[in-house]
Every structure is written in structure tokens, then in C-alpha cells.
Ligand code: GLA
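One chain comes next, on its own, written as C-alpha cells: the form predicted on its own.
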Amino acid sequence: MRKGIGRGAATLVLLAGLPMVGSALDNGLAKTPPMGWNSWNKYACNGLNEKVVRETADAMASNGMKEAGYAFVVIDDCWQTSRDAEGNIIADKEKFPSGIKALAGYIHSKGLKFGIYTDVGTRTCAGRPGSAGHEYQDARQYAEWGVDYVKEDWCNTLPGQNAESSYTLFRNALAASGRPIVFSICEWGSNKPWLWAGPVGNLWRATDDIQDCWDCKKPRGGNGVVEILDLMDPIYSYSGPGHWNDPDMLEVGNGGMTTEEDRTHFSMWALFSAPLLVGTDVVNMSKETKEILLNKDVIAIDQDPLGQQGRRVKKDGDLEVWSKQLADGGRAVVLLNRGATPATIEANWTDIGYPASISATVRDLWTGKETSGQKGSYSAQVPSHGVAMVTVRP
């Protein structure tokens, strides 16, 4: 201990350097997990253009998505090409001939909100201009265009660049822009953002990029759904209203998984209180995909105002029980079968924080079946790679 600093003062100094676990960015936004659509998983760089984005907004405004809570239309990497002589970011005139401000205005006219992508480094992951050195300039430009949501990636950073400082700088730039803008940190969990990002961003990627697969590693890296489940479980306590762990965008409807696996994927993201950013072609999505994405009971679990992230409470090989406390005192429970064959899975009341003696009403959120007077436990036959998702209310 240095001379002149007493024990109490030293304790305050030490505490000042600790992360504010559970604290939230005080911008009044994202009190429930953001919901919307992002262009990347389906269209990536080559397929992104103004026509796709406008048609997506049209579809979301008319197919039930807006009413279900999907509010944001977010364009990802490859909308920008260069900077002008004053350093202002320039949109790709071939992809977006009307300009970004006009596109934002069109999306707003549909009753939706507009989001955009940038990068904390000198260039984006696709080699377009990043925001390094232009943070306040870009934030002002986005605000002037009518942007409501910014996703900032972590590619092409400078040697020794510090994640917390870099994202804090952009947070300050957004705050100075004068427009309320949701801030999505996308540094892939590389620097354990759950330890520091609560006061910095409204959401932060907690994992590597998702891949459209159940359990796989693609050559370029990234995680399948079940790998993400295991990464999300230990960090459940860091998430809450205004500051969310983000397991990445949804792959539901993109064809890499079965309908059963897509349903499990969506159920688990809802249990996580995860941002629900759809990443498929919503103009031409199948009946099965639409039924998954528009399940209002499952969406209500994601949007529950308590904002607690669900966690694994029981594991027996490939059979798991996950639970999430709800604002009304009930529980959302997922019986998850990671195995190759159907199996019966049981959740005991004591697994989910209730006394064994209580009687409860159990409602299956995918079938709509409701059972009253259930005592002690609930069990269901669960298909391979599937779930039974229920609410349990005493």
C-alpha cells in the first residue's frame, strides 16, 4: 500500500478499476432485446442492395413481423465504398442509388427503424472504410441520415488497439450526435465484453460468428448452434435490460438446419433474452420459417421485461433442462435433446427454483397444449435436436 492511502481509500481505488457487472448503458434504449432483420446471413456482400432492403421492409410491414415486434432493418457490411475530400463516408452508388438518407426515410415510412454497419478498425471485414479516426464524423453523419441502430465490427484493428477504449469512443460519438441510436458491439467475444461492455453498448457479441449448422466448424471458423449454447451458459448473469449478451444473428430459414433444429435455435435465443435479428429472405420465406419467427408466445419469452438470461439447470448427457425466470414469477423452461434419437426429458420443480410441493399450470409454447394442476415435475418426449418449450406458473 502506498503511503498516504488508507485501507478504505485503497479499497475504493481498487473497486474503481473493476468492471461494473450488470450495469447498463444509460441511453434509454433496448430495454428489451432488439428485434429486426440484418442483411448479412442471407445476402452477405454481393447480394446487398437497395432493392433487397426496400422489399424486405415492405414484407416486414405487411407479413406480421412488424406487429410481432421486429422493428429494425439493418444493412450490414458493403454499403460503403470510400470517403470524400472532407472525410465523409460515401455509400455505394450502384448498390444504393437513392442514397442512405432516402433509404432510411423509406424504412421509417413503413413504421420501422433503420440500422447500419461500421467497423472499429481502419477497414471493415470486407475491406470497406472503417470508422477509426472518423468516429464523431461518422456518428454525426449517421444521425443526419436518420440511423436508429449501429453495429460496429472488430476487423482490421491497429496493433495494440484496446477494445473497451475503442468502443467507448464510439459510444461517446453516438451520444454526441443528438439522436437516440442503439449501439451493437461486434467484437466476437474476443475480449470478454460481458466484463466491460455493459455501460458501453446496448448489446455485444459474446461468441464467434454463427454458422448455419447444428454442430459444426466451417473452414472460415465460427460456431454451430450447440457450440453457442455452451458459450452463452456461463455468462448468463451479465445480461439484462439495456445491455444484452448477443449470440449472433438468426439463421432460421437459411436451409442449413432442419425445421426442428431451426425451432430449437429460435427457442434457445428467446430463452437467452437474445437480440432477435432475422437473417433470411423474409420476402420468400417458407410457411414453416414464418411459423417459427412469428410465434408470439416464444417471442414474449425473449421480450419478458425482467430481462433475465436463461441458463442450464440440469444435464444428463445429451439431455438438458434450461430455465429462465419471468417477470410474473413464472418460469420459461426448455427441455433440450442434443442427441440423435428421441428421448423423454424431465424437469423437476426443484431444478427451476420451486418447491416440489407446488401445483402449477404448464403451457407448451409450440403446441399450445396447457396442463393445470401439474405437481413436482414436468416431462415430455423430445425429438432429436429438438425442444419442448413451456411456461410453468404456480
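This is a predicted model, so every value here is computed, not measured. Don't overthink the numbering: it's just position in the shown sequence, from 1.
Below: the form predicted together with ligand GLA, not depicted.
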Report summary line: In contact with ligand GLA in the model of the complex (heavy atoms, 4.5 Å), from 284 to 292, 97 to 105, 319 to 327, 125 to 133, is stretch 125 to 133
Report task. Using heavy atoms only and a 4.5 Å cut-off, determine which of E251, D302, D148, D76 is in contact with ligand GLA in the model of the complex. Result -> D76
Report summary line: ligand GLA in the model of the complex has a heavy atom of only one listed residue within 4.5 Å, and of D297, D215, D209, D233 that residue is D209
Requested in this report: Establish, in the model of the complex, whether E164, W196 and Y238 all lie within 4.5 Å of ligand GLA, using non-hydrogen atoms for the distance.
Outcome: no
Query raised in the report: Should R205 be counted as a contact of ligand GLA in the model of the complex, where contact means heavy atoms within 4.5 Å?
Result: yes
Query raised in the report: Does W244 make contact with ligand GLA in the model of the complex, using a 4.5 Å heavy atom cut-off?
Result: no
Report task. Please run the contact check for C186 against ligand GLA in the model of the complex: heavy atoms, 4.5 angstroms, yes or no? Result -> yes
Query raised in the report: Going by a heavy atom distance of 4.5 Å, is Y43 a contact of ligand GLA in the model of the complex?
Result: no
